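Listed next as structure tokens is one chain, alone, in the form predicted on its own.
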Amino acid sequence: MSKPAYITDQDILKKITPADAIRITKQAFVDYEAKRNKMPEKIYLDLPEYNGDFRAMPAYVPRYNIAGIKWVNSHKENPALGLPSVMATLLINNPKTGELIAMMDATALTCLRTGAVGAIATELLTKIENPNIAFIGCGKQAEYQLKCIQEVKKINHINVYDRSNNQSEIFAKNIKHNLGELRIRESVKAACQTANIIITTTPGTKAIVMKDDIPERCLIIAIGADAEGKQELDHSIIMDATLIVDDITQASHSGELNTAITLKKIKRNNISATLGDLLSGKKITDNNRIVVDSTGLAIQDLALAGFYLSKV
């Protein structure tokens, strides 16, 4: 048996571009909708004493003939320690024999596939060619949302808000953007009020974006709520929007919709479609507000890993 390869984040970023990530993630959604992939539910290890948790995310992707599992954390205090709040490792196996093919740093992979989902949602659900975007939360996830969305839209204007003004300034320095203006705002409302697209990437357990903060017509891409009890949007927003998810089961118990469903503000059948549905041709009724609940799927990680391995 050959020695498994060890693949770093730097290796991945040299081989997978944002455009690659969007294309491969689209195909992963379509394959999942057609039941070509297999993906059990996430398993959570909660560690409230460290203000964090771990998740185990298994999947099988026949398109690349690999199976694997991602071990990923979410620790909201990490930025104060100079660490990303989300880090991950991916183990990749031969599905026929179980042989370990590779161990892969998956922090960059996670950022790329999550950013790709934002770009896919933007491409599918926003007709505006030069949108104004508001970022609520300015960590690495926000940076990759912007990198990927720039592949599908020419952005007109960016407003950013983070509870840490220093983090907002780091975001503004790190990104490269072809737009007229970027402004750091002092409140969620000031960031959102002129936005066509609002992207939330915060790790909170209570609403940070209220209905009065947002315009009458907008697309909201909710990234931060990815475990039971997490929430970024006020329930009044959820109750008055067209709801799109990456996976209905996962969104219901651990996505932005989870608290609204638990409190019976909405039901699972209020969800209009998955992104896989839309990519496969399903049409939805237009609504002034659309919320896309992205929880992160193991099939996306494995598809990108398979694409990487096919290039080396």
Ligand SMILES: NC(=O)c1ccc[n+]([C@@H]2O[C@H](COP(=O)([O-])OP(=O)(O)OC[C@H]3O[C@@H](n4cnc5c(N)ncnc54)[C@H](O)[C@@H]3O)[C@@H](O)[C@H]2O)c1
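Sequential numbering from 1, following the sequence displayed. The structure displayed is predicted, hence computed values, not measured ones.
There is also a form predicted in complex with this ligand; it is not shown, and the following applies to it.
Shown alone here, residue 167 lies within 4.5 Å of this ligand in the predicted bound form, counting heavy atoms only. This ligand in the predicted bound form comes within 4.5 Å of a heavy atom belonging to residue 79.
Although the partner is absent from this view, residue 118 stays clear of this ligand in the predicted bound form, with no non-hydrogen atom inside 4.5 angstroms.
Though the partner is left out of this view, residue 183 does not reach within 4.5 Å of this ligand in the predicted bound form, counting heavy atoms only. Contact with this ligand, judged by heavy atoms within 4.5 Å in the predicted bound form, is confined among 233-241, 84-92, 147-155, 121-129 to 84-92. This chain lacks the partner; the member of 134, 104, 221, 138 within 4.5 angstroms of this ligand in the predicted bound form by a non-hydrogen atom is 138. For the partner-free chain shown, 201, 202, 203, 208 of 197-211 come within 4.5 angstroms of this ligand in the predicted bound form, judged by any non-hydrogen atom.
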